[in-house]
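Listed next as structure tokens is one chain, alone, in the form predicted alone.
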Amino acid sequence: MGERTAAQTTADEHIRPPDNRPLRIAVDGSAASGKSTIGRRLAERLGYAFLDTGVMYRAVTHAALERELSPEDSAAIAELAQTLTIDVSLDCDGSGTRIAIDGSDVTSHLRSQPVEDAVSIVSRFVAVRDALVSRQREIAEQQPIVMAGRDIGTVVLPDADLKVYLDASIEERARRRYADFQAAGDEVSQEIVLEDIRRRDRIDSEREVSPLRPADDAVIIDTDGLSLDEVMARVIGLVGSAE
């Protein structure tokens, strides 16, 4: 890990759990890899706050669509991201991260299909990532936290005490996402879900800013064939070894 300033060290000592567990935990992974589910469960287990950073990018995407901006219009999206007031209510009890834009709670809109289709495009813009990464770092300085996303260990929290990268085959991830859609009552074919994940993988891995990749010091867990409980057991083991 990189060196920390005296001010950061003092802040860390002030909020570090008494059993000296890792203070900031990064959970990264590709679409439908299980990072949000595992991150949330881990935070509940440890009594930490949890932030799924993806919902912040979804919030900007939702706001852009509401204003009828093209997701491809980088200048308009950049201006929007820099001027929006985004309030984040952290998940501290398993109730989920909630997002308000300019004082209005938009959480229920962030998993809509239009947002799902456009969020990878919006999140590739430099100005959007700069605005949100700055806010994410501020949040991480305030309490012990598990943060999930695609660039937490590489960009947002490069000095995280523990970095986990969850991976799975595209077929397995498509199966999981399709099951989520079915559970929510959304009509979509498994073939469309597979193609959408393939598209998002391509955008996420090829973007110039913060491309999707595991941090050099991340522990990579292949979750193919593993239940959530089995993945959790491995992650908890890493938390213990990092103490």
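Numbers for residues come from their place in the sequence shown, where the first is 1. This structure is a prediction, so every number in the text was calculated from the model and none was measured.
The same protein also exists as the form predicted together with 2'-deoxycytidine-5'-monophosphate; that form is not shown, yet it is the one meant from here on.
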item: Heavy atom within 4.5 Å of 2'-deoxycytidine-5'-monophosphate in the predicted complex - the one residue of L90, V119, V106, L162 that qualifies; value: V119
item: Interface stretch in the predicted complex with 2'-deoxycytidine-5'-monophosphate - options 165 to 173, 68 to 76, 81 to 89, 148 to 156, non-hydrogen atom within 4.5 Å; value: 148 to 156
item: Non-hydrogen atom contact P214 with 2'-deoxycytidine-5'-monophosphate in the predicted complex at 4.5 angstroms; value: no
item: Interface membership of Y57, 2'-deoxycytidine-5'-monophosphate in the predicted complex, 4.5 Å heavy atom rule; value: yes
item: is_contact(R207, 2'-deoxycytidine-5'-monophosphate) in the predicted complex, heavy atom dist at most 4.5 Å; value: yes
item: R200: touches 2'-deoxycytidine-5'-monophosphate in the predicted complex, heavy atom cutoff 4.5 angstroms; value: yes
item: Site check K35, T53 and R111: each within 4.5 Å of 2'-deoxycytidine-5'-monophosphate in the predicted complex by heavy atom; value: yes
